[in-house]
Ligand code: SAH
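The chain below stands alone, shown as structure tokens; this is the form predicted on its own.
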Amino acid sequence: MNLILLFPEDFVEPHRARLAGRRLAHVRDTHRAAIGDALTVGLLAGPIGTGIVTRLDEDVLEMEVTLIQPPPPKLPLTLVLALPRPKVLNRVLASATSLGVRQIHLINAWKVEKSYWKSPRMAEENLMHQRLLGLEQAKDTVLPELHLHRLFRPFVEDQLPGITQGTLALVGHPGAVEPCPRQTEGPVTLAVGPEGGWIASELESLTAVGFRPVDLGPRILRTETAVAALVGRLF
């Protein structure tokens, strides 16, 4: 946890915040903070600054908070991601958030098991928690937008053209003729398929609405690795 995220309800006074639970345990056990120590803090969707510990015991931490710095800018990137396996989902969401992705669309695909959508990891509480972990890692305070789409074709045909308007639309696909571009300028919409890849009809649907298939190389990568590699290459 490189940044302690604060929420409006944490503030007992305009410049005094009180923490308990997971964040308290982390500050006490991992940071090993003591009274008088300065911690990096940030208000969710707001500025970043410093929290000076004024009280620390088994149940409560209090700090005097000064927030003066804006959060880091988001990447001009919209990620369209075929819903990964539940045990991978947490890592992908946290990683994409820490990378600075502006918007994430989790979508269905032929090789996405129906059971994935019913996983407890799809609960709103968990989806929020993973993104908060990504913010804490990256010293950021602004959540990426997250949207869920259980029907592939209506999303691609009805919604995706509006999402991609004014962006460079790329779809990662092993074996594509065109390599993924490097250090792009301007906004990008990037579609990443399931670990088994897009099927032909899905790829055709994506190209029909303006996506260019791009290849990352000869190796088949796990979803979280592919996302990180593509984002690092594009930006």
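Counting begins at 1, following the sequence as shown. The shown structure was predicted, so the numbers you read here are calculated from the model rather than taken from an experiment.
Beyond what is shown, the protein has a form predicted in complex with the named molecule; the following relates to that form.
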Of the options G196, P70, G36, G166, which one has a non-hydrogen atom that comes within 4.5 Å of the named molecule in the model of the complex? G196
For the chain shown here without its partner, which stretch in 181-189, 166-174, 25-33, 50-58 has non-hydrogen atoms within 4.5 angstroms of the named molecule in the model of the complex? 166-174
May I ask you to check whether G21 falls inside a 4.5 Å heavy atom distance of the named molecule in the model of the complex? no
If you check in the model of the complex, is A17 within 4.5 Å of the named molecule, heavy atoms only? no
Would you please decide whether V12 lies within 4.5 angstroms of the named molecule in the model of the complex, comparing each non-hydrogen atom pair? no
